[in-house]
Structure formats: C-alpha cells, structure tokens
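In the form predicted on its own, a lone chain appears below as structure tokens.
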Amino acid sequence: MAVTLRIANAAGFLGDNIDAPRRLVEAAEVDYLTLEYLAELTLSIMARQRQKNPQLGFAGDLINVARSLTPALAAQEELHLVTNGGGLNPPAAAAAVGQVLVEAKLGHVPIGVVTGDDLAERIDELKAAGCPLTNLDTDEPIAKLEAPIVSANAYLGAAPIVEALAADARVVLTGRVADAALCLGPAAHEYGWSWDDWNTLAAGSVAGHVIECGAQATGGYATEWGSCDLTDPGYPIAEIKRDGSCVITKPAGSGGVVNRRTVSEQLVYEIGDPTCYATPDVVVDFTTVELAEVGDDRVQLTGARGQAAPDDYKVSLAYADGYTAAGQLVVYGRDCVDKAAAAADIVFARLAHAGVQFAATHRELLGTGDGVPGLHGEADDARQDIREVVLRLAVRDPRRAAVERFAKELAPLITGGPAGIAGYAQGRPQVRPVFAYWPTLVPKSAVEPRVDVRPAADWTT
C-alpha cells in the first residue's frame, strides 16, 4: 500500500449521477471507491420492492454502475469497491453484481456481503428481551406502536467491513452501516487501527463524513455555487495518512471546487451537536478539527478528537401510516394568487360535499413564499404583483379510497374552475403509501453483524 491511502466517494444518495463512479476512476487512481446510497426513506422503498420480488430490495443503480466499473476493476488490481447499495437485500445485490462480474470475465473477484442490520423480523424478539425501542423524538416505547412495521435497520459500524476486506474481498456490499463507516472501514483495515484509538477513529470518521455526500464537498449545494462549474463536478477523494489526518481533493481537471468553504459546509452538514457526533465506532468532536488550504483543490483536515463509542446502535425504523397524494397546477393572470386560493377551496368543498374528509390536508401557493413560510411576511404587497403561481395540494389519510377520490378532483378545475389554469398534462396524482419514521436505539449486544466472502461466480449460483 502507498504511504497515503486514497478513498473516493462517487454517490451521495440513490439517484446520484450514475456516470460519476466510472468517470472518477478513469480520471484518478484510487485505492477504494465508495458509494453511499441509503437514506431512511430509501430503506422503506426497498422494503416494498422486496415484498413484491424477493430478488429486489437493493440499489438498482448498482448494477449499471458495477458494469461501468468492470474495465477499471480489471485494469487496476488495487481498486476496491465498498458500498451500502446492498440495502435490505445484500445477498441479492451480490448475485446481481456477481453476474455482471462474471460476464466481464471477473468471476474470480471476491465479493464480501455484510448482513445483520435488518431487524424488522426481530422486533417481537427484541421486545420480549426487554428492549423498549423508545422513539428518540417522542419518548414513546415501541409497545405503543400498532401500525405495521415496514423496515427496521441498525446502523452498523466499520468492523464488518474490515472483516470482509481482511478476507480479501475486493467488492464489499453492505446493508445499513453508518455513512462514514464506508471510508473508516478501508482506512482501519489498511492501517490496522485499534478499535479503542478514539482520536484516530474520529479522524477517519471525519474524512468519511466529508466525502459521504459526494459532490457536496466539491462545490455542489454550496452557498457560493456560482463560483465554479457544476456541469461535471469532480467527486471527492480523501487522501488519508496513517495518523488519520487527510487531504480532501478531486480528480484533476474536473469541475466543481474544493476549498475551505466547501469542506467546512459539508463538515457541519447533518451532525447535530458538533461536540458529540455519535457513530457506531466513535463519538466525534468536530469543534477540534482544523482546516487549511494546502494547494489548488486541496484542503487538509487535522486535529479530530474522539471518545468511546456508544453502547447502542441507532435504528432507523419505519412503519405504515396510511396513504398520501399530491398534485399541482399552474395558475396564470393578474389575480393568480386569489384564483389559486379559490381553486383550492373549490377542491376541498367538492370533496366535503361528497362526504370525504381527510386526516391531514396541505395547500401551498408556490411562488408567493409558501415554500419558505414567512419569507415575504404576511403584509408583503409583492404577492399582488405576481403573475403566475403553482398551486400544490396534498392529503394524507388511513383510507386509500379517500385519497384516491382526492386524486380525481384536480382535473375538473380545468373546465370547472377559474380561468388561467394549466399544467395538467401529467394526469391524476399518484396515490402512495406513507412511511412514518421511528428513530430508536438497540443494544449492540442484541445485534450480530455477519460477513460472507465468496468469489463473484459463487454468488450467482
């Protein structure tokens, strides 16, 4: 291994730029390419996919991405791929990716699969064992939840990734692991870091946190977004030293930018208390991290401090909470604000006449400040100067039939509502199930991560 370990990330969510992984490994040599696909809602969607087809439930983009990476995997023997794209079904993901590798004559490449995070079928067992699975937001115990549970996944740490890599896996497919673990795992494996070396683990987790959202560290979503070319932003690379210090950069010649501001903005993204960012591997203090620009598109991070890891895993649990639908129309004219408000009243009045009420309704006049409530102020006369708005209506209810009836009430406005309505070519709103979030904790002693490493060809049989 080189003196400096190069770990890149080319996906920050499921739906990110599908060409970014290939373009990154073509433009720069890295030791590890990570792909971060999972969010709380993503797991619930995957659960529904798996219910319909037992061979689904993983990141569908992963198949095409793996296919695009086969030339690099063949040519660069040191290149490894680590991703949580296994979702709710890592073995099925391994079978699909394995088939891609076999077709590319890479059937010998070892694939490691990490499971054990999926707790959906173990909730009754955990409750019987005395785990309250208390909602972290409401303090309610899981015993009060009567709705069907859709998914429940513990955020595993980096240790099972290290175990897979130690067994010579070149591709590691996990379920739910902490985002930063995708980077920390390879670094801990390569450098042999101890699991109680809290400062070094914190440094590796900081590097993982900075690159986990992909192009957000290289100019995307930045406050000064106009100062760089985001047509083809380079995705981030963390150059990590043995002591955990690192430099964040991107492929030479790529778009975007890496500077103190872009890295700082990503550093404080979704961390809560900056002095106490809890991961499964370490509790990180972000306030001790020092950033310095050490060259063009190069920012060095040093000084991370850590404390002992928590005794619990965070669990992302989702449950079924009825149905929803949302639709929108464009309303034109000098009186468009009043017309849009009247159109909304008409829709709900007609539904009331039909005997349909809802558990929750929502209306927005996008373009008047409703997207960011209070932005203009209630007395802002500028609302009256608007010449077009987007009327967006949404409902939620336990009864699918009620939501389906709502979906049929927007189209009649076209000929039976105020003049100046357009934007209806998309058809009726789609009725979708609602998944509500139940954040909770489970003792680490109740969860057993499992690792299985086999040649790609073996996963396909």
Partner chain sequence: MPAAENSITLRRLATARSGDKGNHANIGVVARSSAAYDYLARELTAERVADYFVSLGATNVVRYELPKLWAFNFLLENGLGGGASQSLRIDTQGKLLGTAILELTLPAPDDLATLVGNSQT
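Residue numbers count along the first chain shown, from 1. Just so we're clear, the structure is a prediction, and the values are computed from it rather than from any experiment.
The discussion below concerns the form predicted together with its partner chain, not included here.
### Task
Have a look at 265, 140, 197, 163 for me and say which one sits with a heavy atom within 4.5 Å of its partner chain in the predicted complex.
That would be 265.
### Message
Only one of 401, 419, 41, 422 gets a heavy atom within 4.5 Å of its partner chain in the predicted complex. Which one?
### Response
Of the candidates 401, 419, 41, 422, 41 is the one lying within 4.5 Å of its partner chain in the predicted complex.
### Query
If you check in the predicted complex, is residue 81 within 4.5 Å of its partner chain, heavy atoms only?
So residue 81 does not count as contacting its partner chain.
### Message
Against its partner chain in the predicted complex, would residue 272 count as a contact residue? Criterion: heavy atoms within 4.5 Å.
### Response
Yes, residue 272 is a contact residue.
### Contact flag, residue 277 vs its partner chain in the predicted complex, heavy atom cut 4.5 Å
Although its partner chain is absent here, residue 277 would touch it in the predicted complex, with heavy atoms inside 4.5 Å.
#### Entry: Proximity of residue 50 to its partner chain in the predicted complex, heavy atoms at 4.5 Å
Judged by the heavy-atom cut-off of 4.5 Å, residue 50 is well away from its partner chain in the predicted complex.
### Query
77, 104 and 247: each with a heavy atom within 4.5 Å of its partner chain in the predicted complex?
So, no: the whole triplet misses its partner chain.
### Message
Tell me which stretch of 337-345, 116-124, 84-92, 319-327 has a heavy atom within 4.5 angstroms of its partner chain in the predicted complex.
### Response
It is the stretch 319-327.
### Query
What residues of 273-292, in sequence order, lie within 4.5 Å of its partner chain in the predicted complex by heavy atom?
Contacts from 273-292: 273, 274, 277, 286, 287, 288, 289, 290, 291.
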